[in-house]
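The data below hold one chain only, encoded as structure tokens and taken in the form predicted alone.
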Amino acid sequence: MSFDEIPQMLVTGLSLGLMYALIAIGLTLIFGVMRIVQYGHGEMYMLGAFFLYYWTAKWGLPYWLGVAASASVIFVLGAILQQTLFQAVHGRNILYSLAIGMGLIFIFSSGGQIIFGTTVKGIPKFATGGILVMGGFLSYERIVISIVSASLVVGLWLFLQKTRTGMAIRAVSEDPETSALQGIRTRQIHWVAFGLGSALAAIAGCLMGTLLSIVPTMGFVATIKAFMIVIMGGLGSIPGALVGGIILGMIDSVVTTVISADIAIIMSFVVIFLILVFRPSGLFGQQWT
């Protein structure tokens, strides 16, 4: 490794980390409001990428309009899944949501291979070229994706802090019973949070699919990454998901470049184990009862 590669590794790690964080924040949002774990969350990521592929490569829709369209479709899909499947298991044993989530993984993954095919696909790039920083090449595409991902995280924070719907989501997350007594329509908040969490995963799929190839089975890896980040940052903590995503992204970028991808995977789990030894509830998590 040369000194020139350091800026590129850092930007790559940051962009990966922010995209990982979007997936994990979506998962955290769903858990925080409904106290269920969406094991099929990665499939929303996969569908978002494929929708963008068809919007742009097949139908010629402008890239960012395609991202917005994909997020909108997956928001609606997430809301429908919450109303038709997950609402029925709300407050019940975690095994019920596990069964539904595993079913979604098989349905969307297998269905994706039938509908989209097994050939590796790529989303057209929205920008070419880049800049040299300390001898390292940074593509405009990755820089823009990093800025967009960071803006989405900030936008979500502002939404949760400053809007009536956002404050209602926070209230239901903290105390659903008292929120209902205060007149908040908790069932409506459930599908809004579920749809929003799914849309964040879809946007991450769009952005990641721009940089990497897309296949119908990519959702499983995204789910694993999201759970690693949530465990690292703390179950139910959005700041924890952001920090955990950046840590995991940096490990993937730096360790993969310096040593190998296999060692990067091992290092990720070592970091999680060390965090759990000293912080059993994660970096920013709390003990849920």
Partner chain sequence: MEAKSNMAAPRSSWRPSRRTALKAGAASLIGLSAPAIISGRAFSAPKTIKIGGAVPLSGPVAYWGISTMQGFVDGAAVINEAGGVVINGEPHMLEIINYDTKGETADARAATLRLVEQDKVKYVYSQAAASTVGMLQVTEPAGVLSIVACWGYLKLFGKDYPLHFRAEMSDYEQGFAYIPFMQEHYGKDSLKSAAFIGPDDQDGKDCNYSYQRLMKYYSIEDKGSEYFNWEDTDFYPIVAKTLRTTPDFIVTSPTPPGITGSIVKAARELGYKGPIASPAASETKTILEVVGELATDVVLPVTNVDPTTPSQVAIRDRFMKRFGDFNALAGNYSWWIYSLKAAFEAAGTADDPKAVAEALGNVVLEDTYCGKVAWAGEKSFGVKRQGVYDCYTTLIENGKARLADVRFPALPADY
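Because the structure is predicted, anything quoted here is derived from the model rather than measured. Numbering follows the first chain given and starts at 1.
What comes next is about the form predicted in complex with the partner chain, which does not appear here.
Q: For the partner chain, considered in the predicted bound form: do all three of Phe75, Ala150 and Arg187 come within 4.5 Å of it, counting heavy atoms only?
A: Checked in the predicted bound form: no contact with the partner chain for any of the three.
Q: Verify the contact flag for His41: yes if a non-hydrogen atom of it lies within 4.5 Å of a non-hydrogen atom of the partner chain in the predicted bound form, no if not.
A: Flag for His41 set to no.
Q: Answer yes if any heavy atom of Val120 is within 4.5 Å of a heavy atom of the partner chain in the predicted bound form; otherwise answer no.
A: Contact check for Val120: yes, within 4.5 Å of the partner chain in the predicted bound form.
Q: Does any heavy atom of Ala68 come within 4.5 Å of a heavy atom of the partner chain in the predicted bound form?
A: Heavy-atom contact with the partner chain at 4.5 Å: absent for Ala68.
Q: Heavy atoms within 4.5 Å of the partner chain in the predicted bound form: does Trp64 have any?
A: Heavy-atom contact with the partner chain at 4.5 Å: absent for Trp64.
Q: Could you list the residues in 43 to 68 that come within 4.5 Å of the partner chain in the predicted bound form, counting only heavy atoms and keeping sequence order?
A: If the 4.5 Å heavy-atom criterion is applied to the partner chain in the predicted bound form, 43 to 68 yields Tyr53, Tyr54, Lys58, Trp59.
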